[in-house]
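Only one chain is included here, represented as structure tokens and corresponding to the form predicted alone.
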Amino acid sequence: MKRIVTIQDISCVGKCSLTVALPIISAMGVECGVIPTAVLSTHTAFPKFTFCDLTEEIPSITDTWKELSLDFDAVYTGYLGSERQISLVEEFIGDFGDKKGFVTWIDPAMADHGKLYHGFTEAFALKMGDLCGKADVIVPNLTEAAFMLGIPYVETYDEAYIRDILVRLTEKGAKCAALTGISLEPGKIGVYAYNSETKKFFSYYNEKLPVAYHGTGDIYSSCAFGAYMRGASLEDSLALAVDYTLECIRKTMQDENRRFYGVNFEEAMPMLVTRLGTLVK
């Protein structure tokens, strides 16, 4: 069994970050260690929440792991709250990333709909771009890609534009870049990816539903990463994540008692496990 560590925050209530990464990756048959970067009472879509910064705990955790000679097969990062945390992730990669076959998977969760999340700056985005340059796979949305490249965000685009963005992202150092939330035709949404080693592009789409829910990006990245760590190809992993995220949204829409703060990813787990079984032994 592969053992990975994911570095991101945890909301005690709210389906995002570690509260989706840990159960999804575990259900896919991968041991999931965690480094929580902060603890929140709820995620930030709630009108009120508490926040406890754990930045200074991260070196203590990693130092203890080194003393215990623990090793990992991959690191997966999500929301990082400061440039200091980005630097600590870089240190983690330096300390634990020398294992043969080690995978660095980065979701630069910092922006959407043309805007950075509250508290982030363009300097932070450029530093995140530097971190992505150390990754095997990055999964930004188009807003995050634009900020990392230092270019204007556009809402209207064509396939040639997406391909250019992907190549430019890999020129910063990432081996593979996958843009999420891409829609090139009405009623369809999915992923468009580029492998800089094979020079091949890949895209996959499914139905675009007329709703938006918090945390679906974290669900997508966690699912794709989990499948990849189980041995599925990157293309199959990215496609499975599109379908699973859609199934999570469908289950939520069907639930008369659905919560406002996330999707029913738990109800869609049977579909995920069954589909994964068709891709890997």
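These numbers come from a predicted model, not from an experiment. Residue numbers run from 1 along the displayed sequence.
Below: the form predicted together with a small molecule, not depicted.
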item: The small molecule: the contacting residue among Val242, Val34, Leu40, Ala27 in the predicted complex [heavy atom, 4.5 Å]; value: Leu40
item: Contact residue in the predicted complex, chosen from Tyr117, Tyr205, Phe202, Phe96 - any heavy atom within 4.5 Å of the small molecule; value: Tyr117
item: Close approach of Asp218 to the small molecule in the predicted complex, 4.5 Å, heavy atom; value: yes
item: 4.5 Å heavy atom contact, Cys16 to the small molecule in the predicted complex; value: yes
item: Close approach of Arg230 to the small molecule in the predicted complex, 4.5 Å, heavy atom; value: no
item: Contact test in the predicted complex: Lys251 vs the small molecule, heavy atoms, 4.5 Å; value: no
item: Segment that reaches the small molecule in the predicted complex - one of 234-242, 40-48, 220-228, 54-62, heavy atoms within 4.5 Å; value: 40-48
item: Heavy atom distance at most 4.5 Å to the small molecule in the predicted complex, all of Asp9, Tyr79 and His214; value: yes
